[in-house]
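What follows is a single chain, given as structure tokens, in the form predicted alone.
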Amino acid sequence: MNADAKFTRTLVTSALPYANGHIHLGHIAGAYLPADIYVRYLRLKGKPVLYIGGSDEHGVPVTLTALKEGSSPKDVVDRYHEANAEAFADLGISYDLYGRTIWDLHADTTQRFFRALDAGGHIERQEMVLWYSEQSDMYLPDRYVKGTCPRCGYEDANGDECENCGAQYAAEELIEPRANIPGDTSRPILKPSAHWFLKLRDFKDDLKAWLDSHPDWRANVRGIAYGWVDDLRDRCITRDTDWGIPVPVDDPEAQNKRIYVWFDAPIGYVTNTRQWGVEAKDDAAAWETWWKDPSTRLVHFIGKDNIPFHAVIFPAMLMGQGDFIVADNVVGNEYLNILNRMTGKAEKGSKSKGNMISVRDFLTRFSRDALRYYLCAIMPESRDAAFSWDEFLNRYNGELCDVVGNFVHRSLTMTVKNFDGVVPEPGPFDAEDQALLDSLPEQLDGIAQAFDQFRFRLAVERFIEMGRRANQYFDTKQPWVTRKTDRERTATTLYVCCQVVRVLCAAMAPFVPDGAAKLAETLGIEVFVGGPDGGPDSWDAAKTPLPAGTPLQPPVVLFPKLDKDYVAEIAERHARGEAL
């Protein structure tokens, strides 16, 4: 069924990043840029859409960072929450609310979820064996213990899962365990500990039916989700730590434990929607429309490593509440790697290798439109992609600047100069004029179709192809020649070009919003940017021609070209592991 026919509003979420480090380009290409492009598109269409995100502040990576720094977890999350919120804003990631999981409101929401699942019989207390450090006198949850994966042999696997192959395993299966705590050189031992488990098997049939009802989802999401559902096991949802949300049970064993971060983190979407309702609507119940009304469409944008949590565990948690909606789509991207200029091979981004590129550092050197365009053009939708400095230069300069930017600038410059700064009155249209004008709504619909299917690379390709067709038309008509001999022919050509520019302005707005805003100002048009309440359809309005006589401002350069030597200098600095 068409989503427009079934749903009246859309709730979009992006995975909550750990607040223990700076957001980097891999994060952006995975979960944040595709979500923002989609949200901007829906807003242009006038659809009611709410975009929710925030920091994940209770993970073990946070406490490990605090240990290594000699600071407190609160110090770590305060620092990185603010830094990452700023980085997202600088890149134009247009959240309606970017919230926090250390809020008291989030503890309330999470404990409500826990109690509802417990009351439904979906949580039970079990005893398990965990790695324990006698030297540090503590249990070693998650990343506090490292070892060799029992499935693939990866030597830096976490205590209960391997980020290399994705395997999940019991603690005692880890090979050659070692404490991952600064200064702890002891060999961990196995020791029993009581914990609370989510009985995922209770939801097997409902999860299977839900997945079966979405055959259009990406293959990577369906494959991983079905793999988990076919082998569902009880999932431990508490940890031995003092950082996190208290377990809401009356049991002495729970006093020194906290709710597992991957239980509380996705609930952050609900918390932050509650907070948005209070801040934006002054209505503590406004969130319920977005989470309990079946006419709301929920779409998650995530990286590949988050698929099990968004396509199996969180849906089960929602189903266990009794009256919550579940996602209509889980859009999972593969990984963005970094191309090593020395070896020519793609490598995983790594702090130790010094090849990570933070958004903060990148935007001190280049525009956000340049970054947004390139990452969308190489977005890892069905397979891993690699960031390459050379390709960044070539694609931005060769496509966005030379194809689209060049067409817009020469069309508007010639129009403003030769027709008193207004859209000219056209003469009779010949076959080429009419063919291009007739193709514009179809081309815009093609880009919209790609957005609706979450195929953002295809949308970029169709956008650039629109620019190429327009340049071919411009070169064929040669207005720089006809302006000397045939003013009516020149007026007709430039009238047609102005209509293409009008459509390009709408088409580029989700990808490169700054360039689109500058172009809209030049054209004297108002592009409505909607939100949770919806509004006018600025997307389809672009199909209506700009009337002859419409005033135009002198054009500005939308996309300044990058200097080859400057990019090479930055690339060399990055290759040496230096700050950009």
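Residues carry their position along the shown sequence, with the first being 1. Fair warning: this is a prediction, and the values are worked out from it, not measured in the lab.
Unshown form predicted in complex with the RNA; subsequent notes refer to it.
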Using a 4.5 Å heavy atom cut-off, are Asn220, Tyr335 and Gly405 all in contact with the RNA in the predicted complex?
-> yes
Could you tell me which stretch in 286 to 294, 227 to 235, 84 to 92, 248 to 256 has residues with non-hydrogen atoms within 4.5 Å of the RNA in the predicted complex?
-> 227 to 235
Name the single residue among Arg457, Arg360, Arg368, Lys477 that comes within 4.5 Å of the RNA in the predicted complex, judging by heavy atoms.
-> Arg457
Heavy atom within 4.5 Å of the RNA in the predicted complex - the one residue of Ser213, Gln135, Gln472, Gln434 that qualifies = Gln472
Exercise: Trp243 in contact with the RNA in the predicted complex, heavy atom 4.5 Å | no
Can Cys401 be called a contact residue for the RNA in the predicted complex at 4.5 Å between heavy atoms?
-> yes
Wondering, does Glu279 line up within 4.5 Å of the RNA in the predicted complex on heavy atoms?
-> no
Is there a heavy atom of Tyr260 lying 4.5 Å or less from a heavy atom of the RNA in the predicted complex?
-> yes
Determine the residues of 541 to 578 with a heavy atom within 4.5 Å of the RNA in the predicted complex and present them in sequence order; the list may be empty.
-> Val557, Leu558, Phe559, Pro560, Lys561
